[in-house]
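Presented as structure tokens, the chain that follows is alone, the form predicted on its own.
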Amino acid sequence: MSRSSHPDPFAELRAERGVYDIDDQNDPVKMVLRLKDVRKCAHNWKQYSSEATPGRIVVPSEVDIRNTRQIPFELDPPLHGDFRALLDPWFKRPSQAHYQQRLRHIIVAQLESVQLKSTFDCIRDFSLPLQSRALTVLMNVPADEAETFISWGTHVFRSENDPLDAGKAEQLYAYIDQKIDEKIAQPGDDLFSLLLNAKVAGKQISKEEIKGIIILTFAGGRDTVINMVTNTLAYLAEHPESLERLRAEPEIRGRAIEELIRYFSPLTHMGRVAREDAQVCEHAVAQDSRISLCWASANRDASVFEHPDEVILDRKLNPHVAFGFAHHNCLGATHARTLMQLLLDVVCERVQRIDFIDAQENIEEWGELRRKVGYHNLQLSLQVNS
């Protein structure tokens, strides 16, 4: 097995039972594993709600480390749709040419910062600063604020060593409060100013709601984007033939991005809370208990994906759910896809070869199952085109 492989720990349970029970801080979760069931539950918000106690639909639960509702992530229709109507135009800006030019400049500069090193840590030296600097473009805040984001590490909301440490979030809250106060005094062309002047369902957005939107903007696309960039470079290092093919066939890069996102599935799953007694795969779900929509398992469902454990760069049938499904499709998906498209373009243009030197894997534990989501560190080296 190659060092860039991501084995599927859910295969046997998905085929035999369709669900898997785990305990999360004495609040049990029934993981839904098959694609059809994940999609069905995600669509059925009237039965499986996102609008529970703030932090409860996240797995592991964040109930003990925050009380601010992440918006629109922790809302159900119709209010969820009202907030999406406000936010979608802003988060679709990555489709614009000038936005892409700014992102491309960041990617090129980040690549140039590591290409002359004999080896570099892909996370610390590349993926983390790239994600942080790209986030300044998404929010349209000054570029130098990325240095603050970088200083927070790969998780802005959770402590690196203790996911139940509430103290880590305080630095993010302090930043958000400061930015809101700044923009009240001096509005600009940025996400904070947009929200301060916005109404949803005829009501002015509150500061707490603004805070919830910004927290989601930071937390929702942080470690997921970092893992996606890192895993992609690790894969290309161990599969030079894939890098060569992407260089020779630029027309397949869009499909390749969707395939890599499917295969790596940067976010393992996301929870819902049952409004009433229900059943999933003939297994009982009690009212007010939690299920999780296991995107990572659904994306390896052999009844849907041919050769699901292989990366097929030009895969044509690819109904993956790595960005969620139905009304809760990821708000930042356009930004993430654009970043990956530009990254592949720049790497294909400028990098001749990537060498995989060493790595420490990042393994999540779900009950008795172990799932690789990325790396704690990944040492690479580059050979660039002359």
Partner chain sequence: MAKITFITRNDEHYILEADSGSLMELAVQNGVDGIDGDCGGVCSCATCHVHVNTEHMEKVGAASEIEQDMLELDDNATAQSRLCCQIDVSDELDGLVVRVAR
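All values derive from a computational prediction rather than experimental measurement. Positions refer to the first chain, counted from 1.
A second form of this protein, the form predicted in complex with the partner chain, is not displayed here; the remarks below concern that form.
Remark: of stretches 321-329, 63-71, 25-33, 350-358, the one touching the partner chain in the predicted complex is 321-329 (heavy atom within 4.5 Å). Contact check for Glu258: a heavy atom falls within 4.5 Å of the partner chain in the predicted complex. At the 4.5 Å threshold, heavy atoms of His105 stay clear of the partner chain in the predicted complex, well away from it. Shown alone here, Val304 lies within 4.5 Å of the partner chain in the predicted complex, counting heavy atoms only.
Proximity of Lys316 to the partner chain in the predicted complex: non-hydrogen atoms within 4.5 Å are present.
In terms of contact with the partner chain in the predicted complex, the residue from Lys207, Arg275, Lys92, His80 that brings a heavy atom within 4.5 Å is Lys92. Of all the residues from 23-45, those having a non-hydrogen atom no more than 4.5 Å from the partner chain in the predicted complex are Lys36, Arg39, Lys40, His43.
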